[in-house]
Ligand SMILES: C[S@@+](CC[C@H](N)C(=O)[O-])C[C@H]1O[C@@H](n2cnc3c(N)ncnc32)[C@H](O)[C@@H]1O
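Quick setup: one chain, the form predicted alone, written in structure tokens, and binding and motion questions come after.
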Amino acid sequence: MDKHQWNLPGMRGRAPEYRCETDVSEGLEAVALAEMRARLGRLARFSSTVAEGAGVVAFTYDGDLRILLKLQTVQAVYLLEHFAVARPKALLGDQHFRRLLALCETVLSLHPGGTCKTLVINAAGSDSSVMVRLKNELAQRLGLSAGADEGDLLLRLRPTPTHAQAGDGGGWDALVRLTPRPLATRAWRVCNYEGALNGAVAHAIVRLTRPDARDAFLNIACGSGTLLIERLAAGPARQVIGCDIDPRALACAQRNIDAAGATGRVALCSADARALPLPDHSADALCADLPFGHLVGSHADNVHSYPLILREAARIARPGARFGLITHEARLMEQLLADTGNPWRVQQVLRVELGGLHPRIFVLTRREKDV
């Protein structure tokens, strides 16, 4: 029976239970799960294990779906419905089609009328006659246009994964994205900058520094301001400072900060990351998106600058301060951190997927005393 049609005695006012799935950057499943547990509380129930590197966190949920739109460490959130059918063609049948239509209508109801204008289906064989017919009929019933490659209302169809198969032993899953664009696509980004960090990944790095309202937070080589804005989104801070040597980056960061409604809450300064105009032991938490040596900089540059940046960050960090940084130069960073004179203690290293690359996130703490 379609849960959207249930109206049984004693069930009035009871919130429906939704099956949901989030796309997460591979390697950040545990960080996303921690955010969801903190934000959703008892409204969400997760499986006992979340596979590291799977890029997915699935759960059931019986709260207001609009709360899910506030998740900050996930790429996208989907509403999921399982269909016990052998082939997608069966979804055109009246009963299954009405369930699929209701699923789409639930998502559309989360947004003001007219927000979504196009519908697209993402599936193997999406250009087949069956998929095209399904897309066209859904679009017509929903008052949308059928899109080709991109759509405001995204419907994914896939065979039910083996580990999640229902009692029928097979079938197909329909997943509808809750938002017209991925959640990781931040509305405040009005200025793009080469090598800019993904918003959801940046928020995860910030969370790994354990944000505190008393923090003096420093973003070294701040670029277009992604880590700065995500730090403010994570909660209040005593002071937020971003430094970069490139005036174009600072101008771009200021535009994004203004668009995020954070004007006056961030201090930007023009400075070389290897020699910052800040007092010793003045930062409680630090973040950096260091040059990967691909779009920005080179390996030779990194070999020269990374040791100096780590040393300067250690000078500014108070003892016990946490430093979250991301870099594709994993081997170089490991060598530097293994040095006997290194003032940083490694707390965690996460391998993540980012646009086809697999950089590492290093979570460090400043030693109480230099080694």
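Quick caveat, the model's predicted, so the values are computed rather than measured. Quick note: we count residues from 1 along the sequence shown, nothing fancier.
Although not depicted, the form predicted together with the named molecule is the subject of the following passage.
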* To do: Work out which of Ile245, Ala216, Leu110, Ala233 lies within 4.5 Å of the named molecule in the predicted bound form, going by heavy atoms.
  => Ile245
* **Candidate from Gly195, Gly147, Pro159, Pro180 lying within 4.5 Å of the named molecule in the predicted bound form - any heavy atom** => Gly195
* Asked: With the partner absent here, would Thr209, Asp280 and Ala283 each sit within 4.5 Å of the named molecule in the predicted bound form, counting heavy atoms only?
  -> no
* **Segment that reaches the named molecule in the predicted bound form - one of 125 to 133, 93 to 101, 151 to 159, 224 to 232, heavy atoms within 4.5 Å** => 224 to 232
* Classify Ile241 as contacting or not contacting the named molecule in the predicted bound form by the rule of any non-hydrogen atom within 4.5 angstroms, answering yes or no. => no
* Contact label in the predicted bound form: Arg274 to the named molecule, heavy atom within 4.5 Å -> yes
* Asked: Can you check whether Ala174 is within 4.5 Å of the named molecule in the predicted bound form, heavy atom basis?
  -> no
* Taking heavy atoms only, is Ala260 within 4.5 angstroms of the named molecule in the predicted bound form? -> no
